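This document starts with one chain, in the form predicted alone, laid out as structure tokens.
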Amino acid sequence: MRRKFIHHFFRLATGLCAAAACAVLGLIVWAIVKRGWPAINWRFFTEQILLVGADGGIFYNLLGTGILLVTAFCVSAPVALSLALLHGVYLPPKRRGTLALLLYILNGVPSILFGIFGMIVFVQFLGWGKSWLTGGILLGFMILPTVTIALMERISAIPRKFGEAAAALGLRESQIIRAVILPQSVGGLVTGSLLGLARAAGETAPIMFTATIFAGATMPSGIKESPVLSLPYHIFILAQDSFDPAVGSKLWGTALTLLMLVFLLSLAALPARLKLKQPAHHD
């Protein structure tokens, strides 16, 4: 009887906690949508910033954010694939936990430390100044644990009989990787990348000193001294001048746009994530 009561109590408590978290999230989304929707129109997405954010749109902010995210994906995907193959194929089982631990530690590093590292290494030591490439590299390494762990889970879920059948046909280890493991792990790469990019899209600290400015940038023309505009930094700057009603409207509109971008990336990752969580049967 006592165990049954404890079971129901914890079930009720977890349900209430989940409901409270969803309610807080719902209130935040509702507040952003209510205040940001009046600013959403075609002009807002197709024009550049005017009058220090009080007029115009966020076209180049969207473009700059896209450039940073694409660069982050190009940086993180090959490194994550290499680490996942190292974990699932080449490392002995006793040492796999060490690699996973290092990834979790990297995932817990505060984002501002990535920004400081980038400023010291790329901006000052290499002399790049503010550069879109620096921002993409930093964001790529920020999302590396997310992408790698999703790939590791996917590789570990591949039925063992697939590899055994390939080995029985005389395929070498490298051929098994190309013919069996890589095609089967694409879903993990897509899932991890989309979830990581959803996080990277809202990061301000890694790029504010290294890759982005508030106004004056369009398309990057090189690597050195070639910053871009971005959505999160735009929100950060406008929030300091939000007492102006015109600026406040653009602030909430930009916040709603960023929220929609993150939502779309997370939604796109959901089908692959659900498939990844399906139990695999190992023979």
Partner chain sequence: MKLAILFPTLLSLSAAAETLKINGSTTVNLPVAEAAEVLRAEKKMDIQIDTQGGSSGGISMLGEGLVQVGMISKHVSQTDREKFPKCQYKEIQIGEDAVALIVSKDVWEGGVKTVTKEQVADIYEGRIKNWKEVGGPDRRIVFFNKEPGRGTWEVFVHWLYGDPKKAPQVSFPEVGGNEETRNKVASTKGALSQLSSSWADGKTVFALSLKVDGKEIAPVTANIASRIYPLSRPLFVLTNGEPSGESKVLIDFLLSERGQQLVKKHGYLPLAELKAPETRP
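Numbering follows the first chain given and starts at 1. Computed from a prediction, not measured in an experiment: that's the story for all the values here.
Note that the form predicted together with the partner chain isn't included here; everything after this is about it.
Candidate site formed by Ile49, Ala217 and Gly222: every one of these residues places a non-hydrogen atom within 4.5 angstroms of the partner chain in the predicted bound form. Put simply, of Ser185, Thr134, Thr191, Thr212 only one has a heavy atom within 4.5 Å of the partner chain in the predicted bound form, and it is Thr212. In the predicted bound form, the partner chain lies within 4.5 Å of some heavy atom of Gln240. Shown alone here, Val75 lies within 4.5 Å of the partner chain in the predicted bound form, counting heavy atoms only. Taking the partner from the other structure, the partner chain in the predicted bound form has a heavy atom within 4.5 Å of a heavy atom of Tyr233. For Met208, a non-hydrogen atom is located within 4.5 Å of the partner chain in the predicted bound form, even though that partner is not displayed. Applying a 4.5 Å heavy atom cutoff to the partner chain in the predicted bound form picks out Trp128, Gly129, Lys130, Trp132, Leu133 from 113-141, in order along the sequence.
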